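Before any questions on binding or motion, here is one chain by itself as structure tokens, the form predicted alone.
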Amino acid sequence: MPTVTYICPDGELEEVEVPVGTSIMKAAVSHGIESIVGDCGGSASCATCHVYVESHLEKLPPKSSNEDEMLGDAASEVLPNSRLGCQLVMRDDLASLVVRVAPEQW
């Protein structure tokens, strides 16, 4: 099963097996990674699953206009590699994905 490594704001690394078809937000929340809130449940309407993609950025689909708009409301600085975890769905070719969790989600 593919894995995602989450780099938490405190520097702790969490490696989680993520089933193909599962968003990295849902995987983080279900594994108790508290620095990702996922308040809206995955509908891209709150920006509380803001991550910085550290690997495989070129393999990801481009941001939708809705995701880009939501990132405009993010609590942490938005960088070129900013994405919403709810919009990143695990695929086999994303195995070993690394994301850094944004320091502020609210």
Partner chain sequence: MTSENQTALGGRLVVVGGGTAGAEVAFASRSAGWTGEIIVLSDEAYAPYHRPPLSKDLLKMDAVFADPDPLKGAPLYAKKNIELRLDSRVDGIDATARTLSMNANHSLSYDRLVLAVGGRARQLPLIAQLETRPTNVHELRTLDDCARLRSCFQTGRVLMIVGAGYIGLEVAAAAVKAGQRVILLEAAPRVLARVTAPVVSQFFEREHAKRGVEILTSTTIDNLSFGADGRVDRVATSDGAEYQVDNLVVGVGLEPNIELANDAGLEIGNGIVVDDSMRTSDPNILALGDCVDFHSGFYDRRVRIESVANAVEHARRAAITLTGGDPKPWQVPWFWSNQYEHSLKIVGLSTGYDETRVIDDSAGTSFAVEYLRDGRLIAVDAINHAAAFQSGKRRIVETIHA
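A quick note: this is a predicted structure, and the numbers were derived from the prediction, not measured. Residue numbers count along the first chain shown, from 1.
The following text describes the form predicted together with the partner chain, which does not appear among the structures shown.
Relative to the partner chain in the model of the complex, residues Pro61, Ser82 and Leu94 are all farther than 4.5 Å at every heavy atom. Using a 4.5 angstroms threshold between heavy atoms, Val78 stays clear of the partner chain in the model of the complex. In the model of the complex, the partner chain sits beyond 4.5 Å of every heavy atom of Ser55. Contacts between stretch 8-41 and the partner chain, counted in the model of the complex as any heavy atom lying within 4.5 Å, involve Lys26, Val29, Ser30, His31, Gly32, Glu34, Val37, Gly38, Asp39, Cys40, Gly41, listed in sequence order.
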